[in-house]
Structures are given as structure tokens and as C-alpha cells.
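As C-alpha cells, one chain now follows by itself in the form predicted on its own.
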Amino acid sequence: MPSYELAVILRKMSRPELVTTLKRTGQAIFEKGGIIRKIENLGTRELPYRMRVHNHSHTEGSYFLFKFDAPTNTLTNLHDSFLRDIDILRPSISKVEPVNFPEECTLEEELQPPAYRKSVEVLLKQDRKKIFKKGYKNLSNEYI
């Protein structure tokens, strides 16, 4: 199953109501066959602009981030159920790509000055190619 992030803005409410809304959101993910990996509270903040949702105007909201795995065919149903929930102001589901870590380096490479590391040399070569593609021919100290 692919990994996803659900960024949710909830309306401003008391702590017990907030807990029941989070449980309801988590239960919806479980019912669709998903597995919740992590829930992060990003705090209660003023919204960037006034949001009018379900015939109510909101200026503050609680931000939460759910990290979960779920089958791809259930995402539209999940998003529709979150849009219908009166406590959720803005749901946003995005796919999380797996992180590909670079090759392992040795301690000897890390102790070298940056100019002598292979990874820095590759970056410098790429940067030089970009500079010459732009058409800068005179790279003397006059322009620096």
C-alpha cells in the first residue's frame, strides 16, 4: 500500500470535541482499510483568510497531519467523507514518495574538506554546466 499524508484544518473547538473529531477521522481511515502511522498536532492558528464552510465563517483552526497507508481505490471515498464532515474545514490528501537515501559514505570521506568530496565535485560540475548554458562567457573577478 502506498503512503499518504492527510493535512487537515479543523474548526476551533474544545478539547473533548477535538478528540472525538480526530477519532472519527482515524476511524474513517481504518474502515477503508488504511493503517495510520503517525498523527501530528501542528497547533491552533489564525487562518490565512476567512473560510466559509458549511454555512459558517471561520477565522481560526487547528492543524493536524495524519501519515497513513491505504489502498489507492479508497482515496476518493475518504476525501468525500472528509468534505462532508462539518468539523473539518479543509482536507488535503497527498502521496508521499519513499525516500531514497544516497550511497553510504565513509568517515574518511566526511572528514575531507568539502572541495575534495566526490559529491561536492559532482555538484560543482553541474553548476558550471548551468552557468555556461546561460551564456556567461566572462567569469573574471570583475563581475563578482
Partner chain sequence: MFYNSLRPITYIFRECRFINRRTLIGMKFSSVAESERDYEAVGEKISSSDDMVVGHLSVGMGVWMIPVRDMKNPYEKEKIKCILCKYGIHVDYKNIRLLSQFVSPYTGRIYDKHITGLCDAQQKKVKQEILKAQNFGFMPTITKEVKFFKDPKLFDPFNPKRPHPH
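Residue numbers count along the first chain shown, from 1. Note that the coordinates shown come from a computational prediction; the quantities given were computed from them, not determined experimentally.
The following text describes the form predicted together with its partner chain, which does not appear among the structures shown.
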{"property": "Contact segment among 80-88, 26-34, 53-61, 109-117, judged by heavy atoms lying within 4.5 Å of its partner chain in the predicted complex", "result": "109-117"}
{"property": "4.5 Å heavy atom contact, Met1 to its partner chain in the predicted complex", "result": "no"}
{"property": "Non-hydrogen atom contact Ser92 with its partner chain in the predicted complex at 4.5 angstroms", "result": "yes"}
{"property": "Exercise: Ile39 in contact with its partner chain in the predicted complex, heavy atom 4.5 Å", "result": "no"}
{"property": "Heavy atom of Ile9 within 4.5 Å of its partner chain in the predicted complex", "result": "yes"}
{"property": "Contact set, 38-60 vs its partner chain in the predicted complex - heavy atom within 4.5 angstroms", "result": "Leu42, Arg45, Pro48, Tyr49, Met51"}
